[in-house]
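Below you'll find only one chain, the form predicted alone, shown as structure tokens.
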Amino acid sequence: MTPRHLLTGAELTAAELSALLDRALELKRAPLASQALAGQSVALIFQKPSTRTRISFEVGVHELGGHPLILRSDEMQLSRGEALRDTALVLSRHVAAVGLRTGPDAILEELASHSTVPVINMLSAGHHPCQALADLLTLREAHASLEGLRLAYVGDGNNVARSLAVLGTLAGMHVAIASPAGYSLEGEVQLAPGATGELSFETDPHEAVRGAAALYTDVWVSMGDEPSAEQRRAALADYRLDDALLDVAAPGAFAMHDLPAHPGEEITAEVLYGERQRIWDQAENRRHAQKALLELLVAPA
């Protein structure tokens, strides 16, 4: 059988996404209810550092009854020039699925093209779909339905913003992204075929957040952006998520952040650690959403 991969999130249908979120809520209520990976292993390859991704996947695979096989790139023959094709063919003989946290999307795509088991994007330069699944789960916990809900992303148009656009519109949401000139995703997002939601772009963060149920931000200086750090901070200075910006949004709106955060830059400490956020729920929800995803890809009903 041809394996199902999750590289961008656009591989899912709207019905599958809704069912996945429903299942994630069930698994959150009963974390040990499923043994879908009993007797199986999942390879988790980290070519980039990780805290939340590693913890949530490793614990999640264990809770599903499986064995998480943590592989660092410097511990593999990939670091000495072994072909991705060979790595994919070998891994496929031993594990039920492969997760990869990497840089260029081309690496992920090549691994998936040769793998006979599902490949999951745990982060790439272009996409972060597992984070977006956790984000939608967090929004589902707060709202009965995602249909028509407005989510405002404020800041750098990066992989997190792109995945929110892809999966948010697939869930029927209106995703509004506000970024300064030179940092926008406009024209760079390919939505899922079944997307019914709306995607809009703004330069004024206040316009993006009006009527929004949640405000989302991410770091201004991501891994690899260090050489342009000061330039990026200057360009994004007006896009900080603070209480004043939350006041412009819909009543009861809350802040979201995929972490790690830099209090005082993209978000204030008052918001990050205050009562108007669900950031730490997001961090936990990575595990539950990813468990539902693993069930879907590895052990579909």
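Remember, predicted model here, so these are calculated numbers, not experimental data. Position 1 is the first residue in the sequence shown; the rest follow in order.
Not on display, but discussed next: the form predicted together with phosphoric acid mono(formamide)ester (CP).
Residues Lys28, Glu58 and Asn285 are none of them found to lie within 4.5 Å of phosphoric acid mono(formamide)ester (CP) in the predicted complex, as judged by heavy atom distances.
Stretch-level contact check against phosphoric acid mono(formamide)ester (CP) in the predicted complex with heavy atoms at 4.5 Å: of 228 to 236, 48 to 56, 63 to 71, 241 to 249, the positive one is 48 to 56.
In the predicted complex, no heavy atom of Glu266 sits within 4.5 Å of phosphoric acid mono(formamide)ester (CP). Using a 4.5 Å cutoff between non-hydrogen atoms, Ala33 does not count as a contact of phosphoric acid mono(formamide)ester (CP) in the predicted complex. Proximity of Arg162 to phosphoric acid mono(formamide)ester (CP) in the predicted complex: non-hydrogen atoms within 4.5 Å are absent; the residue sits far from the partner. Of the heavy atoms in Thr217, none are within 4.5 Å of phosphoric acid mono(formamide)ester (CP) in the predicted complex. Contact residues in stretch 86 to 124 (any heavy atom within 4.5 Å of phosphoric acid mono(formamide)ester (CP), taken in the predicted complex) are limited to Arg101.
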